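In structure tokens, one chain follows: the form predicted on its own.
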Amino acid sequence: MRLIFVLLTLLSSLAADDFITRTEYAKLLYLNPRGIGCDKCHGSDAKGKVIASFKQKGEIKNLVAPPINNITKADFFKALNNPKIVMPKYSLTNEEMESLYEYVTKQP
């Protein structure tokens, strides 16, 4: 009986609105939305970075992930839902995409 009470208390605290802030949740999504984090390509500050360098026809080329900290919300959502880009495909809800957008556009 005591164990059930402890479990119910724990579950009710997990369901509380203030268990994790929206910003904390967005940061967790940014670091690991569904396997690989946005930070691996776009950088910890969402300002973009070189993912890989390679040689093509004797010339060094860079594969660069663009900055996402200064794009419009429409472009951000379009990129997340575009099947033709080289970005991992995530199954994010609209609320998760909103949270991510707010997080990356508020990076210093």
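All figures in this text were calculated on a predicted structure; none of them were measured in a lab. Heads up: residue numbers just count along the shown sequence, starting at 1. Rigid core here is just the name for the largest C-alpha set that superposes within 1.5 Å across the two forms.
We do not show the form predicted together with heme C (HEC), though everything after this point is about it.
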Is residue 85 close to heme C (HEC) in the predicted complex, meaning a heavy atom pair under 4.5 Å apart or at it?
-> yes
May I ask you to state whether residue 79 is within 4.5 Å of heme C (HEC) in the predicted complex, using heavy atom distances?
-> yes
Does heme C (HEC) get within 4.5 angstroms of any non-hydrogen atom of residue 48 in the predicted complex?
-> no
Answer yes if any heavy atom of residue 26 is within 4.5 Å of a heavy atom of heme C (HEC) in the predicted complex; otherwise answer no.
-> no
With both forms fit on the core, is the shift of the CA atom of residue 85 between the shown form and the other one 2 Å or larger?
-> yes
Relative to the shown structure, Cα residue 81 and Cα residue 85 in the predicted complex (3 Å or more change) are farther
